[in-house]
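Below you'll find only one chain, the form predicted alone, shown as structure tokens.
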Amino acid sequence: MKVLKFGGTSVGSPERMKKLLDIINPNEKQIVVLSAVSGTTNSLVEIADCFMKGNKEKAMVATQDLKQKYEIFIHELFLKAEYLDKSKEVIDYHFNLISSFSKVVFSSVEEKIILAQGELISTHLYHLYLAEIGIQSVLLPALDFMKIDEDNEPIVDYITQKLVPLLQANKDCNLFITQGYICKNSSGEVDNLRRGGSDYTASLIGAGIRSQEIQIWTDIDGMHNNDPRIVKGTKPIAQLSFDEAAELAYFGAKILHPQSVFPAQKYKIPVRLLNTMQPDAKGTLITNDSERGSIKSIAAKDDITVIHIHSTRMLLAYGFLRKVFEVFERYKTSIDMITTSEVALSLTIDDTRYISEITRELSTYATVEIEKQQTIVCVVGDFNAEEHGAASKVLDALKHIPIRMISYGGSSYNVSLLIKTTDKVEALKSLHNRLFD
């Protein structure tokens, strides 16, 4: 069985939703994971934010605006009165639910319920559309089998335990429709896998059922060797290893959720990145294999903050690093890059929610300086220690740009460099010219 995930742009209009059948084969066993219709999640975030701030009138106006868009959507999607009526019931149910939060004390629990409505609507509408044209499908509620633990980590064994019986109970059906992004947490409340989490859902389902293949369908023909929004002449990469794909996703390649390769990698399930608008394009295949001796791609991660920690004593005195890392652990803040010297430690983070608390604790035993608006540029490929010259090409391409930090040797798959965000465009273009042109 294959798992196929389609992003928001792939279901962004009635026409595109109908065209999914150019890709989906109802005669093959497939689980189809759908995101919310493009633009929906942003609107739901706005609605939830208005409720959270107590601006109920603005929230209700935004809710009605979004509902009207869906009323137009279903009139273009359905032809038969019976299914148009059923789709209206779906729309009414979900938007009445959203509107009902104007009468309660709003919290993060209600916020996550609102954010889940986009995927619930898109999957129900697609399930009804298939029924209208005579194609049998089963709608599988992701909230019945997708679960995260106390640390917000998905539980693959739970997915297997709950999902496999649902599939076995519908052996005669080939096509299963479910939601990406949404899940339940350890308290049994509606939660989510964060933005871009539909990729993660597809990979987790693939791991849970030991799928034959996972396909991620977006509006780009695979992962490119640089950011096509910034650099002209980029090309899709035919093949990547799981480790290379993970590095690129984490350091800014928007086509793939950073966590989504790990479940597939654990069970050695191939992942394909494909283009809904160009179904015949080869895209990118991600497996355990890697092409030796080549540089694959360049990615950039913005909104990086650097924390410089200067110790009044010798930095590497017993216990100092442990004390520093324990601060970040307490506030569940991940570190991207780190460099050390005799009396100084510099590290980068992208989650600044607790930066005031972190700075205050660190300041009790060190001098702390903060720099914002930084970017990590990551060059991914084969940087095996036995190879010669690959890293020097990267540094040579950026010899005219001030580099704040360098991370090399921690992984055989990347060289990461910290620069000012104002230098990012020049850095990506210069690297592309030196490494690929």
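Position 1 is the first residue in the sequence shown; the rest follow in order. In this text, all values refer to a predicted model and were calculated from it rather than measured experimentally.
Keep in mind that the form predicted together with a small molecule is not shown, yet the notes after this line are about it.
Residue in contact with the small molecule in the model of the complex (any heavy atom within 4.5 Å), chosen from K266, R195, K323, K332: R195. Residue-level contacts in the model of the complex: of Y129, Y181, F242, F145, one residue has a heavy atom within 4.5 Å of the small molecule, and it is Y181. Segments offered: 404-412, 46-54, 368-376, 33-41. Contacting the small molecule in the model of the complex at heavy atom distances within 4.5 Å is 33-41.
For E247, no non-hydrogen atom is located within 4.5 Å of the small molecule in the model of the complex, even though that partner is not displayed. When the small molecule is considered in the model of the complex, E119 lines it closely, a heavy atom lying within 4.5 Å.
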